[in-house]
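Read the single chain below, which is given as C-alpha coordinates and is the form predicted alone.
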Amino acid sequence: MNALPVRTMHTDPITVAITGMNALPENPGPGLAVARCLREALGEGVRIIGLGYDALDPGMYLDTYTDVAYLLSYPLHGSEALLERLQEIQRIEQIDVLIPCLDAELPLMVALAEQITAMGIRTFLPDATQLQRRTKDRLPELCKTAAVGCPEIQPLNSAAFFYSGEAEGWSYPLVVKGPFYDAKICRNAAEATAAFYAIAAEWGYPVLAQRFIAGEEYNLAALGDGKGAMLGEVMMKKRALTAKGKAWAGIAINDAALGDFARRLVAELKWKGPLEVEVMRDEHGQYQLIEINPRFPAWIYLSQGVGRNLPALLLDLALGRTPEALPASRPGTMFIRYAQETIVELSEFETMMINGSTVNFNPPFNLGKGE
(Lines give C-alpha, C1' and ligand atoms only; values in the text may rest on other atoms or scores of the structure.)
Protein backbone atom coordinates (compact mmCIF):
# COMPACT_ATOMS: atom_id res chain seq x y z
CA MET A 1 0.00 0.00 0.00
CA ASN A 2 1.57 3.28 -1.12
CA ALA A 3 1.42 6.38 1.05
CA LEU A 4 0.17 9.66 -0.35
CA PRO A 5 2.86 12.15 -1.39
CA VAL A 6 4.09 14.29 1.48
CA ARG A 7 2.62 17.79 1.19
CA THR A 8 4.72 20.82 2.11
CA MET A 9 2.35 23.42 3.54
CA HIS A 10 4.74 26.14 4.67
CA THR A 11 8.30 26.59 5.95
CA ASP A 12 7.64 26.13 9.65
CA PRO A 13 5.85 22.96 10.77
CA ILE A 14 2.23 23.28 11.82
CA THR A 15 1.73 22.31 15.46
CA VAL A 16 -1.30 20.04 15.85
CA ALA A 17 -2.60 18.73 19.18
CA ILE A 18 -4.57 15.47 19.03
CA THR A 19 -6.53 13.82 21.86
CA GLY A 20 -7.56 10.18 22.20
CA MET A 21 -4.10 8.58 22.24
CA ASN A 22 -5.32 5.50 24.11
CA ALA A 23 -5.17 2.15 22.33
CA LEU A 24 -7.08 -0.51 24.25
CA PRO A 25 -7.21 -3.56 21.96
CA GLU A 26 -10.99 -4.01 22.26
CA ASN A 27 -11.79 -0.27 22.00
CA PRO A 28 -8.91 1.88 20.69
CA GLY A 29 -9.07 5.64 20.56
CA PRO A 30 -8.78 7.43 17.20
CA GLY A 31 -5.93 9.78 18.17
CA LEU A 32 -3.01 7.63 17.12
CA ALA A 33 -4.60 6.86 13.73
CA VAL A 34 -5.20 10.59 13.18
CA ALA A 35 -1.57 11.33 14.05
CA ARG A 36 -0.42 8.60 11.70
CA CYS A 37 -2.47 10.08 8.85
CA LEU A 38 -1.03 13.55 9.40
CA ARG A 39 2.54 12.32 9.69
CA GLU A 40 2.30 10.38 6.44
CA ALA A 41 0.61 13.27 4.62
CA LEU A 42 2.81 16.12 5.91
CA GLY A 43 6.07 14.54 7.08
CA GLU A 44 8.24 17.15 8.79
CA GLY A 45 5.65 19.79 7.90
CA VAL A 46 3.70 18.91 11.05
CA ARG A 47 4.64 18.78 14.72
CA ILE A 48 2.25 16.55 16.66
CA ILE A 49 1.35 16.93 20.32
CA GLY A 50 -0.39 13.91 21.82
CA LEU A 51 -3.00 14.65 24.49
CA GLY A 52 -4.25 11.89 26.77
CA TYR A 53 -6.07 11.22 30.02
CA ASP A 54 -3.98 8.31 31.31
CA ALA A 55 -0.22 7.93 31.65
CA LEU A 56 -0.56 4.46 30.09
CA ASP A 57 -1.96 5.82 26.79
CA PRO A 58 0.65 4.36 24.42
CA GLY A 59 0.18 6.88 21.61
CA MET A 60 1.84 9.53 23.72
CA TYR A 61 5.15 7.63 23.71
CA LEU A 62 5.36 6.70 20.02
CA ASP A 63 7.84 9.30 18.79
CA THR A 64 7.36 8.20 15.18
CA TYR A 65 3.99 9.97 15.30
CA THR A 66 4.07 12.10 18.46
CA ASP A 67 6.73 14.74 19.12
CA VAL A 68 5.68 15.51 22.69
CA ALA A 69 2.73 14.58 24.89
CA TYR A 70 0.69 15.95 27.78
CA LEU A 71 -2.02 14.71 30.11
CA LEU A 72 -5.32 16.58 30.27
CA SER A 73 -7.70 16.86 33.21
CA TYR A 74 -10.52 14.33 33.06
CA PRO A 75 -13.77 15.61 31.46
CA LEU A 76 -15.63 14.95 34.73
CA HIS A 77 -13.61 17.81 36.30
CA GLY A 78 -15.36 20.29 34.01
CA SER A 79 -14.56 23.00 31.51
CA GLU A 80 -12.60 25.29 33.85
CA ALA A 81 -9.99 22.62 34.63
CA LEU A 82 -9.71 21.67 30.96
CA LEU A 83 -9.30 25.29 29.88
CA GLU A 84 -6.62 25.92 32.50
CA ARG A 85 -4.68 22.87 31.34
CA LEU A 86 -4.93 23.86 27.67
CA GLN A 87 -3.67 27.33 28.56
CA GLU A 88 -0.65 25.81 30.33
CA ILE A 89 0.17 23.68 27.30
CA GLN A 90 -0.41 26.54 24.86
CA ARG A 91 2.08 28.79 26.68
CA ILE A 92 4.74 26.14 26.06
CA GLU A 93 3.82 24.67 22.68
CA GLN A 94 1.97 27.36 20.67
CA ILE A 95 -0.57 24.96 19.18
CA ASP A 96 -1.98 25.92 15.76
CA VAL A 97 -4.81 23.36 15.49
CA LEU A 98 -6.57 21.15 18.04
CA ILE A 99 -8.29 17.90 16.93
CA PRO A 100 -10.45 16.33 19.69
CA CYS A 101 -11.06 12.62 19.10
CA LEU A 102 -13.24 11.40 21.99
CA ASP A 103 -17.01 11.62 22.40
CA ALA A 104 -16.93 12.37 26.13
CA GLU A 105 -14.74 15.45 25.75
CA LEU A 106 -16.59 17.01 22.80
CA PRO A 107 -19.26 18.85 24.83
CA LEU A 108 -16.53 20.57 26.85
CA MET A 109 -14.47 21.39 23.77
CA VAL A 110 -17.50 22.86 22.03
CA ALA A 111 -18.45 24.88 25.11
CA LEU A 112 -14.89 26.27 25.24
CA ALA A 113 -14.65 26.98 21.51
CA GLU A 114 -14.48 30.77 21.85
CA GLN A 115 -11.84 30.63 24.61
CA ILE A 116 -9.79 28.11 22.63
CA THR A 117 -9.92 30.36 19.58
CA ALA A 118 -8.90 33.35 21.72
CA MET A 119 -5.79 31.37 22.74
CA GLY A 120 -4.74 31.25 19.08
CA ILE A 121 -5.79 27.61 18.57
CA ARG A 122 -7.93 26.74 15.57
CA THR A 123 -10.53 23.99 15.57
CA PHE A 124 -13.17 22.71 13.15
CA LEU A 125 -16.01 21.62 15.41
CA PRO A 126 -19.80 21.47 15.44
CA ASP A 127 -21.75 23.85 17.63
CA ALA A 128 -23.66 22.76 20.73
CA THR A 129 -26.98 22.42 18.91
CA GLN A 130 -25.51 20.20 16.20
CA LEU A 131 -23.80 18.08 18.84
CA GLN A 132 -27.02 17.61 20.81
CA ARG A 133 -29.16 16.74 17.80
CA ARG A 134 -27.04 13.65 17.05
CA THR A 135 -26.97 12.22 20.57
CA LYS A 136 -28.15 8.62 20.73
CA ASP A 137 -31.44 9.37 22.46
CA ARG A 138 -32.41 11.93 19.78
CA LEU A 139 -31.59 9.85 16.70
CA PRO A 140 -35.21 8.88 15.88
CA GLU A 141 -36.21 12.55 15.80
CA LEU A 142 -33.23 13.43 13.58
CA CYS A 143 -33.85 10.52 11.23
CA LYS A 144 -37.49 11.48 10.81
CA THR A 145 -36.58 14.99 9.64
CA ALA A 146 -33.75 13.65 7.41
CA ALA A 147 -36.03 10.94 5.97
CA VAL A 148 -33.74 8.02 6.78
CA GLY A 149 -34.30 4.83 8.75
CA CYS A 150 -33.56 4.32 12.45
CA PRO A 151 -34.56 1.69 15.04
CA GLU A 152 -36.68 2.83 17.98
CA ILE A 153 -34.74 4.01 21.06
CA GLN A 154 -35.98 4.24 24.65
CA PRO A 155 -34.05 6.34 27.24
CA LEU A 156 -34.07 4.61 30.63
CA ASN A 157 -33.38 5.59 34.21
CA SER A 158 -34.65 2.29 35.62
CA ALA A 159 -34.11 -1.36 34.76
CA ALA A 160 -37.83 -2.08 35.30
CA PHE A 161 -38.40 -1.52 31.58
CA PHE A 162 -36.70 -4.83 30.75
CA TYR A 163 -39.48 -6.71 32.54
CA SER A 164 -42.40 -4.58 31.34
CA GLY A 165 -41.26 -3.71 27.83
CA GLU A 166 -42.75 -6.78 26.14
CA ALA A 167 -46.21 -5.52 27.09
CA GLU A 168 -45.34 -2.32 25.22
CA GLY A 169 -44.29 -4.16 22.06
CA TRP A 170 -40.59 -4.63 22.74
CA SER A 171 -38.99 -8.03 22.30
CA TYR A 172 -35.62 -9.67 22.75
CA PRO A 173 -32.89 -9.47 21.65
CA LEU A 174 -32.45 -5.74 22.18
CA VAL A 175 -29.41 -3.51 22.54
CA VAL A 176 -28.50 -1.71 25.78
CA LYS A 177 -26.26 1.31 25.21
CA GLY A 178 -24.48 4.02 27.16
CA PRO A 179 -24.87 7.75 26.42
CA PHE A 180 -21.27 7.96 25.10
CA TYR A 181 -19.84 4.45 24.74
CA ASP A 182 -20.62 0.76 25.12
CA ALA A 183 -23.38 -1.38 23.68
CA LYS A 184 -24.47 -4.90 24.62
CA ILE A 185 -26.85 -7.20 22.76
CA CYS A 186 -29.11 -8.74 25.40
CA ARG A 187 -31.32 -11.81 24.89
CA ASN A 188 -33.42 -11.65 28.04
CA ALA A 189 -34.37 -9.37 30.92
CA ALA A 190 -31.63 -10.66 33.22
CA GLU A 191 -28.89 -9.91 30.67
CA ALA A 192 -30.40 -6.50 29.97
CA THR A 193 -30.59 -5.61 33.66
CA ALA A 194 -26.97 -6.59 34.24
CA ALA A 195 -25.92 -4.52 31.22
CA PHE A 196 -28.01 -1.58 32.41
CA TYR A 197 -26.27 -1.37 35.79
CA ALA A 198 -22.79 -1.94 34.36
CA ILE A 199 -23.20 0.79 31.75
CA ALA A 200 -24.85 3.23 34.17
CA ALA A 201 -21.99 2.74 36.66
CA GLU A 202 -19.41 3.62 34.01
CA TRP A 203 -21.16 6.19 31.81
CA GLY A 204 -24.13 7.50 33.78
CA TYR A 205 -27.73 8.06 32.71
CA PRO A 206 -29.79 7.78 30.67
CA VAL A 207 -29.06 4.24 29.59
CA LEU A 208 -30.64 3.49 26.22
CA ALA A 209 -32.59 0.51 24.95
CA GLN A 210 -32.53 0.17 21.17
CA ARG A 211 -34.46 -2.28 19.04
CA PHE A 212 -32.15 -4.92 17.62
CA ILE A 213 -31.60 -4.84 13.86
CA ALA A 214 -30.35 -8.05 12.29
CA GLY A 215 -28.08 -7.49 9.33
CA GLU A 216 -24.63 -6.34 8.25
CA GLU A 217 -22.82 -3.36 9.74
CA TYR A 218 -21.34 -0.58 7.62
CA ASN A 219 -19.54 2.60 8.67
CA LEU A 220 -18.90 5.87 6.86
CA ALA A 221 -16.39 8.55 7.86
CA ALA A 222 -16.46 12.04 6.36
CA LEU A 223 -16.25 15.75 7.09
CA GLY A 224 -19.10 18.24 7.17
CA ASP A 225 -18.29 21.74 5.93
CA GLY A 226 -20.73 23.44 8.34
CA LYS A 227 -23.01 24.53 5.51
CA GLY A 228 -24.68 21.22 4.69
CA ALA A 229 -22.15 19.56 2.39
CA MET A 230 -20.39 16.26 3.11
CA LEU A 231 -16.74 15.97 2.06
CA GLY A 232 -14.36 13.08 1.45
CA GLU A 233 -16.59 10.18 2.48
CA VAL A 234 -14.87 6.83 3.08
CA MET A 235 -17.08 3.76 3.55
CA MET A 236 -16.19 0.48 5.22
CA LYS A 237 -17.80 -2.90 5.86
CA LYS A 238 -16.67 -4.58 9.08
CA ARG A 239 -15.01 -7.97 8.57
CA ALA A 240 -13.87 -8.82 12.13
CA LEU A 241 -14.94 -7.40 15.49
CA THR A 242 -13.52 -6.99 18.97
CA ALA A 243 -15.44 -8.06 22.06
CA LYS A 244 -16.97 -4.56 22.16
CA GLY A 245 -18.04 -4.68 18.53
CA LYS A 246 -15.26 -2.42 17.23
CA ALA A 247 -13.73 -3.08 13.84
CA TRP A 248 -10.62 -5.27 13.94
CA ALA A 249 -10.67 -5.67 10.16
CA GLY A 250 -12.67 -3.97 7.45
CA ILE A 251 -12.86 -3.47 3.71
CA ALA A 252 -13.45 -0.21 1.85
CA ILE A 253 -16.58 -0.04 -0.29
CA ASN A 254 -18.36 2.50 -2.46
CA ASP A 255 -22.14 2.48 -2.11
CA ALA A 256 -24.23 5.30 -3.54
CA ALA A 257 -27.18 4.48 -1.25
CA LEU A 258 -25.02 4.71 1.88
CA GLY A 259 -23.46 7.94 0.63
CA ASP A 260 -26.92 9.45 0.05
CA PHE A 261 -28.06 8.23 3.49
CA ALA A 262 -25.16 9.99 5.24
CA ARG A 263 -25.46 13.07 3.04
CA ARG A 264 -29.07 13.57 4.17
CA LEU A 265 -27.96 13.53 7.82
CA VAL A 266 -25.08 15.95 7.26
CA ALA A 267 -27.33 18.32 5.33
CA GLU A 268 -30.03 18.23 8.01
CA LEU A 269 -27.51 18.91 10.78
CA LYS A 270 -25.36 21.30 8.71
CA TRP A 271 -22.62 19.35 10.44
CA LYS A 272 -19.19 20.94 10.86
CA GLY A 273 -16.15 18.74 11.42
CA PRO A 274 -15.45 15.00 11.32
CA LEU A 275 -18.10 12.37 11.91
CA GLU A 276 -18.69 8.65 11.65
CA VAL A 277 -22.06 7.28 10.59
CA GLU A 278 -22.74 3.71 11.81
CA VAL A 279 -25.55 1.81 10.10
CA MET A 280 -27.01 -1.68 9.81
CA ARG A 281 -28.22 -2.97 6.47
CA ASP A 282 -31.34 -4.88 7.39
CA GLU A 283 -32.86 -7.99 5.84
CA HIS A 284 -34.72 -5.83 3.32
CA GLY A 285 -31.51 -4.17 2.13
CA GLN A 286 -32.38 -0.87 3.83
CA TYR A 287 -29.91 1.12 5.94
CA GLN A 288 -30.86 1.85 9.56
CA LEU A 289 -28.90 4.43 11.56
CA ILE A 290 -27.30 3.09 14.73
CA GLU A 291 -25.07 6.01 15.79
CA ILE A 292 -23.46 9.24 14.64
CA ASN A 293 -20.09 9.71 16.29
CA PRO A 294 -18.94 13.36 16.35
CA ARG A 295 -15.28 12.63 15.56
CA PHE A 296 -12.99 10.47 13.48
CA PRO A 297 -13.26 6.70 14.07
CA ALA A 298 -10.35 4.56 15.23
CA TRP A 299 -10.20 3.05 11.72
CA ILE A 300 -9.56 6.45 10.09
CA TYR A 301 -6.14 5.33 8.81
CA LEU A 302 -8.11 3.49 6.13
CA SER A 303 -8.80 6.94 4.62
CA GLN A 304 -5.07 7.23 3.96
CA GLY A 305 -5.07 3.72 2.54
CA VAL A 306 -7.80 4.52 -0.01
CA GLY A 307 -6.20 7.83 -1.02
CA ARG A 308 -8.56 10.20 0.86
CA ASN A 309 -6.63 11.32 3.94
CA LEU A 310 -9.43 12.87 6.00
CA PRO A 311 -7.30 14.23 8.90
CA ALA A 312 -5.18 16.11 6.33
CA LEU A 313 -8.38 17.49 4.79
CA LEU A 314 -9.58 18.56 8.23
CA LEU A 315 -6.31 20.41 8.81
CA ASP A 316 -6.81 22.40 5.60
CA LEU A 317 -10.36 23.32 6.63
CA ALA A 318 -9.30 24.35 10.14
CA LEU A 319 -6.60 26.60 8.68
CA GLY A 320 -9.06 28.22 6.28
CA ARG A 321 -7.42 26.78 3.19
CA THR A 322 -9.16 25.59 0.05
CA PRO A 323 -8.65 21.83 0.17
CA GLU A 324 -7.08 19.97 -2.71
CA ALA A 325 -9.49 17.84 -4.72
CA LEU A 326 -9.57 14.31 -3.34
CA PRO A 327 -9.12 11.32 -5.63
CA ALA A 328 -11.81 8.68 -5.91
CA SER A 329 -11.80 6.18 -3.06
CA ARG A 330 -10.32 2.74 -3.80
CA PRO A 331 -12.90 0.06 -2.90
CA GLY A 332 -11.50 -3.35 -2.03
CA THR A 333 -8.74 -1.91 0.15
CA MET A 334 -8.64 -3.71 3.51
CA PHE A 335 -7.29 -2.90 6.93
CA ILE A 336 -6.38 -5.46 9.59
CA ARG A 337 -5.60 -4.10 13.04
CA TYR A 338 -2.84 -5.53 15.23
CA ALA A 339 -1.45 -4.99 18.72
CA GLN A 340 2.23 -4.47 19.54
CA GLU A 341 4.40 -3.52 22.49
CA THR A 342 5.68 0.02 22.94
CA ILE A 343 9.01 0.30 24.71
CA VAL A 344 9.07 3.21 27.18
CA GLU A 345 11.91 4.21 29.49
CA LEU A 346 10.82 4.20 33.11
CA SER A 347 12.20 7.74 33.49
CA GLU A 348 9.90 8.96 30.71
CA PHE A 349 6.88 7.30 32.28
CA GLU A 350 7.77 8.79 35.68
CA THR A 351 8.06 12.24 34.09
CA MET A 352 4.56 11.78 32.65
CA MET A 353 3.18 10.72 36.03
CA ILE A 354 4.80 13.60 37.92
CA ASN A 355 4.66 16.46 35.43
CA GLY A 356 1.78 15.37 33.20
CA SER A 357 4.05 15.48 30.16
CA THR A 358 6.88 13.66 28.42
CA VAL A 359 9.00 16.78 28.94
CA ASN A 360 10.34 17.75 32.37
CA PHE A 361 10.00 21.53 32.27
CA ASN A 362 6.23 21.53 32.72
CA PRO A 363 4.86 22.42 36.20
CA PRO A 364 3.54 19.46 38.25
CA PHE A 365 0.13 18.35 37.09
CA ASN A 366 -2.79 17.10 39.21
CA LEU A 367 -4.06 13.97 37.45
CA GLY A 368 -7.49 14.57 38.94
CA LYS A 369 -7.84 11.13 40.58
CA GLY A 370 -8.76 12.50 43.96
CA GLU A 371 -8.38 15.56 46.14
Partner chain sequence: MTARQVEFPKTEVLQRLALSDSGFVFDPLSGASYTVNTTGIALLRRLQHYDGDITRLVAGLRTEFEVDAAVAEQDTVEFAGVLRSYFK
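The model shown is predicted, which means the values in this text are computed figures rather than measured ones. Residue numbers count along the first chain shown, from 1.
Quick note: we don't show the form predicted in complex with its partner chain, though the next part is all about it.
Residues with any non-hydrogen atom within 4.5 angstroms of its partner chain in the predicted bound form fall in just one of 293-301, 146-154, 248-256, 189-197: 248-256. For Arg91, no non-hydrogen atom is located within 4.5 Å of its partner chain in the predicted bound form, even though that partner is not displayed.
At a distance threshold of 4.5 angstroms between non-hydrogen atoms, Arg264 is out of contact with its partner chain in the predicted bound form. Of the heavy atoms in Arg239, some are within 4.5 Å of its partner chain in the predicted bound form. Using a 4.5 angstroms limit between non-hydrogen atoms, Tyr218 touches its partner chain in the predicted bound form. Though its partner chain is absent from this view, in the predicted bound form it lies within 4.5 Å of a heavy atom of just one residue from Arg281, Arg134, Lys270, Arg85, which is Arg281.
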